[in-house]
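In structure tokens, one chain follows: the form predicted alone.
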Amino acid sequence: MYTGSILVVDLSTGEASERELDDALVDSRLGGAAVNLSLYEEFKDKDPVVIGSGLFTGSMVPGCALCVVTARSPLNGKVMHSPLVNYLGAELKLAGFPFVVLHGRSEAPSYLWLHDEIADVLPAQAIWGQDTWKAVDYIREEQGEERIQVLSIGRAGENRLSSAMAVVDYWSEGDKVGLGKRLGEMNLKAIATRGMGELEVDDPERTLGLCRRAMGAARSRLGGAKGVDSLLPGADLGDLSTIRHRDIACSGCPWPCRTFVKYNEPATVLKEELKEPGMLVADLSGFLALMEGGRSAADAARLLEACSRLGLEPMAAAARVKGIDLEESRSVLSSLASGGFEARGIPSVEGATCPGTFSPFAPNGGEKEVIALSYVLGICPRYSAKVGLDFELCAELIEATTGLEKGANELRDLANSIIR
């Protein structure tokens, strides 16, 4: 279920070294946040940022799009876990780097390019000072591949503000613990990846049967739910329907819980005529915060776009633009990202589970052991909170894919071990 090695990058020298992913480590910790914590402890004197794949990330197990970043949060000083979803986690794992340890500070702005089991630290002066959307476009054009997935920082991260967030591709989403500042401190503009590898399973036929079983149970519980409004059914999303274009799922997920909205061209037209017709509303908590004060869904989405471009955490910024018109709000956000705007702490998201351990990415709750095991196995915590997690089925899937025998109680103990 893992291909490649553990990558250790010393940004101060630009050197990248690889070492074998030890079977004993996978046997005891499985993956994701659990392995990340072991690697963090090993390198803690270097204040590392650790990125890790879950055991099931990138596989056909439903909902397994999750990759996990483990680092010291500049907002509370604690070691926190932040989710990376969309297609980035799967691409990183299939690029041959299931776990990446970053430490040090690059002398000049740089970005990390991971592909085909090759790691390159490349100059990023051309995109330093550019917004995240332009950074993604630049890297994809430079490397000649439109499907490259990018984690990047905007102006807020470059200025090392605690209100900065790291952005997956173009969209504000999972980082609410200050990862944008940590990458800025490292002088690291982006991490880009494209994976062409394959995963091997111990028992393919049994694995397929168990995945079908999990998919059937998930579809039954989802009941056709889709869109950002299905994440928190009771939330007031105002006139979102007027700009709603389509609902989108992450890699391998049966629940399209994110909604793409079009406000630069008609939302009712399927074809996109403009290069930038709108925004993916994936960060529901940020979107709701920007809607406060009676702002329309379209204007809230425009400000969510501005926050994504600037790499500015939208919940922290929302209070500073409440009651201000759109154009002035955009100007204020730009000023905030330029310096001096520090977040007061990790934003409070009602319903988020274990906010002292995990970035409050999943506002739809979930039992703490369910969410924690999701961060180990690579299952999206939003998905797990929605459909639940059958620990016995997870144990069967682990045995079918790896040959490792793990009981449900052992999985619960492992999940609890990462909750701080």
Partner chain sequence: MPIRIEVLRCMGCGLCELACSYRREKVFTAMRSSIMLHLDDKRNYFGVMIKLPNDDLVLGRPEGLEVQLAGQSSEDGAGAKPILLREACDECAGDRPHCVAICPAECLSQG
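The model shown is predicted, which means the values in this text are computed figures rather than measured ones. Residue numbers count along the first chain shown, from 1.
Below, we turn to the form predicted in complex with its partner chain, even though it does not appear here.
Student: On the criterion of a non-hydrogen atom at 4.5 angstroms or closer, are Thr207, Arg219 and Asp247 all touching its partner chain in the model of the complex?
Tutor: The answer is yes; Thr207, Arg219 and Asp247 each reach its partner chain.
Student: May I ask you to choose, among Glu273, Asp236, Glu328, Glu350, the residue with a heavy atom within 4.5 Å of its partner chain in the model of the complex?
Tutor: Of Glu273, Asp236, Glu328, Glu350, the residue with a heavy atom within 4.5 Å of its partner chain in the model of the complex is Glu273.
Student: Of these, Gly104, Pro277, Pro74, Pro109, which has a heavy atom no more than 4.5 Å from its partner chain in the model of the complex?
Tutor: Among Gly104, Pro277, Pro74, Pro109, a heavy atom within 4.5 Å of its partner chain in the model of the complex occurs only for Pro277.
Student: Looking at the partner-bound form in the model of the complex, is Pro314 within 4.5 Å of its partner chain by any heavy atom?
Tutor: Contact with its partner chain, no.
Student: Hey, in the model of the complex, does Asn187 get a heavy atom within 4.5 angstroms of its partner chain?
Tutor: Flag for Asn187 set to no.
Student: Is the gap between Trp255 and its partner chain in the model of the complex 4.5 Å or less for some heavy atom pair?
Tutor: Judged by the heavy-atom cut-off of 4.5 Å, Trp255 is in contact with its partner chain in the model of the complex.
Student: Verify the contact flag for Phe260: yes if a non-hydrogen atom of it lies within 4.5 Å of a non-hydrogen atom of its partner chain in the model of the complex, no if not.
Tutor: The answer is yes: Phe260 has a heavy atom within 4.5 Å of its partner chain.
Student: Only one of 377-385, 354-362, 57-65, 33-41 gets a heavy atom within 4.5 Å of its partner chain in the model of the complex; which is it?
Tutor: In the other structure, the partner sits against 57-65.
Student: Though the partner is not shown here, which residues of 348-378 have a heavy atom within 4.5 Å of its partner chain in the model of the complex?
Tutor: Heavy-atom contacts to its partner chain in the model of the complex: nothing from 348-378.
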